[in-house]
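The chain below stands alone and is given in structure tokens; this is the form predicted on its own.
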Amino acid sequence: MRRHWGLYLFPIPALALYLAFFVLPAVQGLQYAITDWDGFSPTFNRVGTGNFTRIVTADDQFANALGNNLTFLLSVVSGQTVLALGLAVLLAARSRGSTALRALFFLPTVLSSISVAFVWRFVYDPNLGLLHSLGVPGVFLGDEDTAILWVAVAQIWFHAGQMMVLFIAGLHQIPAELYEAAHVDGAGRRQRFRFVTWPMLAPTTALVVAYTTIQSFKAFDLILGLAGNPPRSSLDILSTRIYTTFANSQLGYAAAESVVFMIAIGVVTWMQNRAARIGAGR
């Protein structure tokens, strides 16, 4: 059977939208990154790599945002992965009770980021908040040293249920024969998890870690909802730093920050994929 030439016309609308709204803006962003354009003036100067040199060597605010983002990333990836895996192991059984609890833990995922931010602003309120009512001392988001960690707790609560569903799907793909063979060999519950469950969940874990990493870099609306606009330096991450730079009419410099931001995401993702392959013995 020969393919009709008309079939090749169907991807054209989607391809045109992709080129217009993704590829072209990305190319324009690279062009603006080497200028000092403010976003409004009809003229601008080309500064070459000057914006990138300033970001790497002289921009303390960007360095602070990068440090906050890495702290937030490590906290969310580790905490969310462990919590989601634990919930999945406990709720993997096909029963009415497990199904109800899965739905309960998944519920925060369907909320908007701003809704989650307002919920946790109430929880963290040092005067009228839930934690204050329970007698937990602290100023939470007002603490310069730990504020970003409290935001990480909200992020984990927000998406742990979603990652739990992925782990449950991975657990259901593990052949029951492997557990039976391990049991016959005298393996206990911990040994079955270590030598059967965990290795078989490696692909799912890699997916969860990669997706959680992207979420951690994109926590823009959650940060603004919790900290206001612009956020304090202790809550400033790369996405909010870029937005603030753009709002200050420094579009060229904001474009350069965006390029560095994308490179950082690419490097972290590559390192995670590399670590996952090494862990899988490839």
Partner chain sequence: MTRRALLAVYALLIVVPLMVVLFGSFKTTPDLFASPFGPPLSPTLGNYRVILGDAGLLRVFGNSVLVVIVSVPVTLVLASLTGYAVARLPRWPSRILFGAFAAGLAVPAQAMMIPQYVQFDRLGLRDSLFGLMLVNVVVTLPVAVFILSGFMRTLPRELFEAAALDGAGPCAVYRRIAVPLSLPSLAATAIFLLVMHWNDLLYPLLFIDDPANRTLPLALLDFAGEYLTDYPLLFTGVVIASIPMVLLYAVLQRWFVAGITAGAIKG
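What you see is a predicted model, and the numbers here were worked out from it, not measured in a lab. Positions refer to the first chain, counted from 1.
In what follows, reference is made to the form predicted in complex with its partner chain, a form of this protein that is not presented.
- Of the stretches 143-151, 67-75, 165-173, 193-201, only 165-173 has residues with a heavy atom within 4.5 Å of its partner chain in the model of the complex.
- Within 4.5 Å of some heavy atom of its partner chain in the model of the complex lies at least one heavy atom of Asp221.
- Mapping the unseen interface onto this chain, Val184 falls outside it, with no heavy atom inside 4.5 Å of its partner chain in the model of the complex.
- For Leu91, a non-hydrogen atom is located within 4.5 Å of its partner chain in the model of the complex, even though that partner is not displayed.
- In the model of the complex, at least one heavy atom of Met262 sits within 4.5 Å of its partner chain.
- A single residue from the set Leu178, Leu130, Val82, Val139 has any heavy atom within 4.5 angstroms of its partner chain in the model of the complex; that residue is Leu130.
- Annotation for 226-264: interface residues with its partner chain in the model of the complex are Ser239, Ile242, Tyr243, Phe246, Leu251, Ala254, Ala255, Ser258, Phe261, Met262 [heavy atom within 4.5 Å].
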